[in-house]
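Take a look at this single chain in structure tokens; it is the form predicted on its own.
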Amino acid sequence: MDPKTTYIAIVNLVEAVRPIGAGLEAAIAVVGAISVLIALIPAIRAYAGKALAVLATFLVAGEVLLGWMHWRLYDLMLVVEPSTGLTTGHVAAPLWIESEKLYVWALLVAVMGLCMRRQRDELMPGALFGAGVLAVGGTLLSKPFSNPLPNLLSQYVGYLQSLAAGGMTAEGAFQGMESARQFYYNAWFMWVHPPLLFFSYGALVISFVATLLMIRHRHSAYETTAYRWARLGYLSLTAGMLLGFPWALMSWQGEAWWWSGKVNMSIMMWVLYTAYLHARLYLRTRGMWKAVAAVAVISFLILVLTYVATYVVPGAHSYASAEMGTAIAALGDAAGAISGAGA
């Protein structure tokens, strides 16, 4: 593999995605904002179903573009051992890391909203509001198209720089890149653990919407709907967390990951949802529905805080202490070094 050729190909790919993606980001943000307004204004709330279908279409179109970009990156991102020149493998970047997390969450809520059958009309504005807020945040804050995968591209470009320079620097960069490839990006856990969690987050958004309707209308049918979505989310959440445990043991040996804020808040969230589901056993007790509703609301608030903790609370399972670089800047900074070394 020629580091300079690979670097140029990655730059060309990112630059090709940027103009299309930037337009798509703006369009999704606008559609997301309009969706929120439709969900909030009663006079136009009748269009909630159509608005959610439009939003889901834009999100799917964006996901297709991201999928194509990831596929091209997979082709380009080879990891080569400097001492032997042998290729150890490709870097397979999933569609739910870094700047794409909120985006995939928005997509799942939108798709689940379209799949709702029980009390569809009543739940639709809430699902639309949730998907709209996540879509606006996932595009304006995360910028998955205009600033794609900043940490991965920064690390890989650094690896290319070192590979071009050669010597011990190249060997050290190879060890870091190969470790990331094997135990993070390409790990079986990475392709199962996060999707299960995002699926649960999407289902729990719908459950929260049904809980709010139950509180407002005091009708048991909404509680049943909230329970069904929470049960679906809980099963996925539990499976995802159980799979995350052996991955953490393998990846974070020697680190105090157990005390990570994100890990502890995730456990707190699971315990609260466990309490919510068990509290329903006493639902027929006089006034118990209020306690069940309160636990459901608190559980969802902890879910939101758990997600936010990833970015603000330092720890092994956090981006708070990491330097979130800009992918384009990283590519630009590396241009001179790779070109000079490869000349």
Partner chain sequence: MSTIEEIRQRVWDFWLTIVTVAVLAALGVQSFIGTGYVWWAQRAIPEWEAGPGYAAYVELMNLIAAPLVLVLVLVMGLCVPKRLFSRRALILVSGAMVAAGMIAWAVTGKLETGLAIYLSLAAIIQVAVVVLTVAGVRGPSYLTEGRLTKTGSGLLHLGFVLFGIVVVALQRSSWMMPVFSAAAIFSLVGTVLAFYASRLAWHRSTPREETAFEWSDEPDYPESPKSVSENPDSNGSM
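None of these values were measured; they are calculated from a predicted model. Residue numbers count along the first chain shown, from 1.
Missing here is the form predicted in complex with the partner chain; even so, the following discussion is about that form.
- Heavy atoms of residue 235 reach within 4.5 Å of the partner chain in the model of the complex, making it an interface residue.
- Taking non-hydrogen atoms only, residue 68 never approaches the partner chain to within 4.5 angstroms in the model of the complex.
- Proximity of residue 287 to the partner chain in the model of the complex falls within the 4.5 Å heavy atom cutoff.
- By the criterion of a heavy atom within 4.5 Å, residue 280 is counted among the residues contacting the partner chain in the model of the complex.
- Relative to the partner chain in the model of the complex, residues 58, 108 and 120 are all farther than 4.5 Å at every heavy atom.
- Heavy atoms within 4.5 Å of the partner chain in the model of the complex belong, among the stretches 150-158, 201-209, 242-250, 94-102, to residues of 242-250.
- With the partner omitted from this view, the residue of 221, 115, 141, 168 that lies near the partner chain in the model of the complex is 221 [heavy atom within 4.5 Å].
- The contact residue chosen from 177, 214, 73, 134 relative to the partner chain in the model of the complex is 214, the criterion being a non-hydrogen atom within 4.5 angstroms.
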